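Only one chain comes next, encoded as structure tokens, the form predicted on its own.
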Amino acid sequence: MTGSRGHSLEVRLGGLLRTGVLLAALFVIAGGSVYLVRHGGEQPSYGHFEGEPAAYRTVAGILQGVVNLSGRAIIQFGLLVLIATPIARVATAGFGFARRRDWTYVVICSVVLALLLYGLVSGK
């Protein structure tokens, strides 16, 4: 990346990463606070493992839980923001390279983005 346009793209990508991680942390902290206020006094059962409720395993379920101010859902939403941050970074970089007509890097970003999305959707 040469010149001020390359520097500008680097600054935008750095800002995107900082913002995404900060937002994710804020959501996780807020969700953890809500969860502790509501469930902090409960006695855990260490003999029986219980994962996340099925409702919080889908994006729609997480969003519905956030609307209902569920602590677990807000934490899950923060994790979704954290997962989406590098994906948004690769997509932003691809658009930046396309604006500069740097087709080699557009192709590389497209392949990386496709692999990230495939891994996210397929669970691999």
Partner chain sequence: MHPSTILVLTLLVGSGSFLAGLLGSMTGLGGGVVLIPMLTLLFGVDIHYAIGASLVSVIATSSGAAAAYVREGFTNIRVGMFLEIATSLGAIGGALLAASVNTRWIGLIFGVVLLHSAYMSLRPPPRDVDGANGPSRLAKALSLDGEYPYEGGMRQYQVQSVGAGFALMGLAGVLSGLLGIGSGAFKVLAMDRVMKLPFKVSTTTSNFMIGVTAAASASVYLGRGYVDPGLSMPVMLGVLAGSLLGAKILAHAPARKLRMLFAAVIGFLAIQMIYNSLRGTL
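Numbering follows the first chain given and starts at 1. Worth saying up front: this structure is predicted, and the values here are computed from it rather than measured.
The same protein also exists as the form predicted in complex with the partner chain; that form is not shown, yet it is the one meant from here on.
Novice: L69 versus the partner chain, in the predicted complex: is there a non-hydrogen atom within 4.5 Å?
Specialist: Heavy-atom contact with the partner chain at 4.5 Å: absent for L69.
Novice: Find out whether any non-hydrogen atom of A98 is located within 4.5 angstroms of the partner chain in the predicted complex, and reply yes or no.
Specialist: So A98 does not count as contacting the partner chain.
Novice: Since only the chain is shown here, I'm wondering whether P86 would be in contact with the partner chain in the predicted complex (any heavy atom pair within 4.5 Å).
Specialist: Yes, P86 lies within 4.5 Å of the partner chain in the predicted complex.
Novice: Would A60 count as a contact of the partner chain in the predicted complex, using a 4.5 angstroms cut-off between non-hydrogen atoms?
Specialist: No, no contact at 4.5 Å.
Novice: Heavy atom within 4.5 Å of the partner chain in the predicted complex: which residues of 28-60 meet that condition, in order?
Specialist: V28, I29, G32, Y35, L36, H39, G40, G41, E42, Q43, P44, Y46, G47, H48, F49, E50, G51, E52, Y56, R57, in sequence order.
Novice: Quick one: R72 and Y46 C-alpha atoms, closer or farther in the predicted complex compared with this form (3 angstroms or more)?
Specialist: Compared with this form, R72 and Y46 lie closer in the predicted complex.
Novice: How does the CA gap of E50 and S33 change in the predicted complex versus this form, closer or farther, if it moves 3 angstroms or more?
Specialist: The answer is farther, because the C-alphas of E50 and S33 separate from each other in the predicted complex by 3 Å or more.
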